[in-house]
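A single chain, nothing else alongside it, follows as structure tokens in the form predicted on its own.
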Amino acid sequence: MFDRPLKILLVSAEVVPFAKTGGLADVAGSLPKALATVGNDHAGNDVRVTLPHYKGIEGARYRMDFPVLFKNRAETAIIREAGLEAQYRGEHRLVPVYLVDNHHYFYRDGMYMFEDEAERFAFFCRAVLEMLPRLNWQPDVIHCNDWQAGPIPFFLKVRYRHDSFYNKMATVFTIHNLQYQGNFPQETLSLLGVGEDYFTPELLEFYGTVSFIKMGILFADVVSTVSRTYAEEIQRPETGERLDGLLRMRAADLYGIVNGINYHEFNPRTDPRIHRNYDRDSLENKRENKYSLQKEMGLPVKNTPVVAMISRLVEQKGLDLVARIIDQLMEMDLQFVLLGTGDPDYEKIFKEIKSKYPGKAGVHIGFNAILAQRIYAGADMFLMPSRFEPCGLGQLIAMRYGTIPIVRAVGGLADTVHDFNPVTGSGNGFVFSEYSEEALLHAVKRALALYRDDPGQWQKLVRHAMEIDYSWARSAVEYLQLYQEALARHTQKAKIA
């Protein structure tokens, strides 16, 4: 498929199973394992991962330490090593993981939201680059994820551009959520080792701040995001978070690749966390998971449709629409289940819904990974009425478990869920476009009508959703093609320079 194995370094602020606050960690923990096992006929790619060594991470062995000249002083970077296990042609392969340790910057309660955030991640990015010659390893491509890794493409183009060890390395910068930008005061220039001549709209200045995400977008060889539709949406003023102009400028270098999910972990046939295993040929066992879920959530056990949400309770997720139609939903023959945590106002709203409808609504505030799997397996329908959704993993997991998504046509939801057509039988879910309670309610009613009136067609829809391949193996091939594109563009730019 590709002419040679690639050497790839993936840089992320969080990686499962070492550190996680959101979906980025799942991507950074799964994609490297897939990359290590696909792409050529001779050997897997040499893939390695790096992240900060936060307080609480255990089991990584000491590898080396060295000084990083930073802020006119030397800060010590301690490199510890662990691994991610991947399967390659029936054999175990270990993906090396390098954890950048520094007691001052990373030995804290929590991962983010500190006053010296710019300093912490500028140091991390410098340490990652300084680590490479000491490992005697030159990646072909450095894949940088989100604003915390944004300085790396900048450093390579500015601080290391004349160093023969670094100047052949191509960079990919992936935006997982454009809302999170890493914007800091002008004084941050000193952390980057550059002067005020870089504080211009054409370079690092962004509405009076220095923007780490802008660095990644501006200086990487190619830019990607986590769905094709989101790549288009972020070029529009209303959804571009003030970076739409820059993203339009880089439109020829901007790609969208839908995230995958781990098909070994998310497999209803083998998942030990659910009540009864099943597959597309034994869907009668899925109903037993519904009954078990109803018991666990304190709902009457009966064969009524269960409509579920697993979500961060934040404005992005369209929860205001759900709250506005909940009374109408509760008048229908269905049960509503929600698992999530987040904004206290939304937590209060859904606690009140549970109290108001004790036999119809099951709500668990908090996060419980085992309960999440039981909801995916036990529910019939899965709500994601998001205002925006760069990719979304919930709809992919839901389909894997035969739970039909009801989504708004934005971002990765639009790319992965296609509206059911009762005439042709095509589609894998129920989709609405307008951000309104009327549109959401109509989509729910359509799903309920099919479930109630045509059980045979519903079963076909469930089987079709379970058959679609949204595994990382598929996405990894697209990423390898993207890396090849980044290398080609980097080489071309080097020739021109």
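Worth saying up front: this structure is predicted, and the values here are computed from it rather than measured. Position 1 is the first residue in the sequence shown; the rest follow in order.
There is also a form predicted in complex with a small molecule; it is not shown, and the following applies to it.
Distance check, residue 394 to the small molecule in the predicted bound form, heavy atom within 4.5 Å: Taking the distances in the predicted bound form, the answer for residue 394 is yes, it comes within 4.5 Å of the small molecule.
Does residue 80 reach the small molecule in the predicted bound form, with heavy atoms at most 4.5 Å apart? Contact with the small molecule, no.
Interface membership of residue 294, the small molecule in the predicted bound form, 4.5 Å heavy atom rule: Because no heavy atom of residue 294 falls inside 4.5 Å of the small molecule in the predicted bound form, the answer is no.
Would residue 312 sit within 4.5 Å of the small molecule in the predicted bound form, counting heavy atoms only? Flag for residue 312 set to yes.
Candidate from 237, 425, 208, 366 lying within 4.5 Å of the small molecule in the predicted bound form - any heavy atom: Residue within 4.5 Å of the partner: 366.
The small molecule isn't shown here, but in the predicted bound form which of 214, 317, 290, 126 has a heavy atom within 4.5 Å of it? None of the other options qualify; the answer is 317.
Which of 244-252, 269-277, 349-357, 376-384 has heavy atoms within 4.5 Å of the small molecule in the predicted bound form? Going through the listed ranges, the match is 376-384.
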